[in-house]
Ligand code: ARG
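One chain comes next, on its own, written as structure tokens: the form predicted on its own.
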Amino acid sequence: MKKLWGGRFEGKSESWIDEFGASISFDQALAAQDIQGSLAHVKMLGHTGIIHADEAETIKNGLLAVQEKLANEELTFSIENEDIHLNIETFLHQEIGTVAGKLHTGRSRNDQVATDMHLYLKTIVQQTIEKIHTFRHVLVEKAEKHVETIMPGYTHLQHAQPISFAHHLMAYYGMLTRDQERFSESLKRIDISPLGCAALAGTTFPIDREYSAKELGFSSVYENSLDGVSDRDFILEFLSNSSIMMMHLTRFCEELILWCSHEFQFIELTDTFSTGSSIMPQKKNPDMAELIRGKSGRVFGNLFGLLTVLKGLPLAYNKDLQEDKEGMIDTAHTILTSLDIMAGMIDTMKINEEIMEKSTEKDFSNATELADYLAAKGMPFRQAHEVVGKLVLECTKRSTYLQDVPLEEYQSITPLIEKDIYTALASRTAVERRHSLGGTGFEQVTAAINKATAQLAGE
């Protein structure tokens, strides 16, 4: 097959070389955007008189015919045509003949592919924002039902202090809110048109870049043609924001995996988000949570991969930049699916409230309550800390807990301790009394949920 760019060449490339150099196996995901960009470009060519109006109309109709075939899955992409641009142009030639060659006037594959990726990521980021919003809504709804559900709070994966389960969920709401903000802020750097920058230096044709940008819904154009064709910052930012979000999801997934284990039994995931074992009939595995935890690695890898491709890359376009698309498309698919699965898992999981709360009663997560109790009675906190630490050590030797210590023993340690100590040591009291701003106290958590509800409604 004759290459559309083959005039300079006498020899024919071998098929295995063509396969190595081709990108159509993955950039066919940009087919809709490529046609969209071409429709805007040909309209601009006709508008400026660079090609005749009847030619522009013919090309437009041809592109619409190709677009319809794409929608009906009637197109077969070819490695011989290398990439999505040459494949679409070949389909256009088949529809309308040689006049199709005029479509490429005043542009290059360099600005064409950049335009495709800007259009693609603009859509993906908007979808991501919507899915994060949905997931945040699920978190708030679940939190509303569990303000007074008590669970152990952890540091170093050790019982630290009892907290509200809703408070724990709202921590992830905060993370996801920041994720959504990052994606929203990145849109202004995606919403820029490189179309018309041509190969690197612009073009001699009297094109109207603002016109085509407006046709494509971009808010601005690149001011420098070299920058326009070589900029991949917007993809790096997308991959970075995706990596941060996936890191947040993996933290949550790790906890879900622990919580549904036999040792914890805090939650139970529905069958939809679980699988079984081929040999152990009792197993119910949290595979979807594990997959999200695992797939974060490929998202992180896509970020580092593109950073490595771009490191030291001279201006303007280089074939290395063909490696920018596969990781971007893979990451887009991964994060959108992960967000749907996370929202479904959290929305449908069963919370074992009694087990959660009981796990805070046979531990020393109320030790801080005793220290605070003594400090409130006038004992310096550092002294109170030491007193409680020694008492915890003694209890561990006797296999008892602070709430099991007789009042007489407490008062032999210090007369500051009175019979109300047992109320202070109760997990529910410990949670309820933490009213500092952002704390786990029920009133604070309810206020945080109300604020989040209003925030979601206003977005």
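Predicted, not measured: the structure shown is a model, and the values here were computed from it. Counting begins at 1, following the sequence as shown.
Unshown form predicted in complex with arginine (ARG); subsequent notes refer to it.
Visitor: May I ask you to check whether Ser23 falls inside a 4.5 Å heavy atom distance of arginine (ARG) in the predicted complex?
Guide: Yes, Ser23 lies within 4.5 Å of arginine (ARG) in the predicted complex.
Visitor: With the cut-off set at 4.5 Å between non-hydrogen atoms, does Asn110 touch arginine (ARG) in the predicted complex?
Guide: Because a heavy atom of Asn110 falls inside 4.5 Å of arginine (ARG) in the predicted complex, the answer is yes.
Visitor: Is it the case that Lys325, even though its partner is missing from this view, gets within 4.5 Å of arginine (ARG) in the predicted complex, heavy atoms only?
Guide: Lys325: contacts arginine (ARG) in the predicted complex.
Visitor: Find out whether any non-hydrogen atom of Phe218 is located within 4.5 angstroms of arginine (ARG) in the predicted complex, and reply yes or no.
Guide: Heavy-atom contact with arginine (ARG) at 4.5 Å: absent for Phe218.
Visitor: Taking 4.5 angstroms as the heavy atom distance cut-off, pick the stretch from 123-131, 83-91, 139-147, 269-277 that is near arginine (ARG) in the predicted complex.
Guide: Answer to the contact question: 83-91.
Visitor: Quick one: from Ala367, Ile329, Val387, Leu321, grab the residue that has a heavy atom within 4.5 Å of arginine (ARG) in the predicted complex.
Guide: By the 4.5 Å heavy-atom cutoff, the listed residue in contact is Leu321.
Visitor: Taking 4.5 Å between heavy atoms as the contact cutoff, choose which of Trp259, Tyr173, Tyr317, Tyr222 touches arginine (ARG) in the predicted complex.
Guide: Going through each option in turn, the one that passes is Tyr317.
Visitor: Which of the residues spanning 119-135 lie within 4.5 Å of arginine (ARG) in the predicted complex, based on heavy atoms?
Guide: Residues within 4.5 Å: none.
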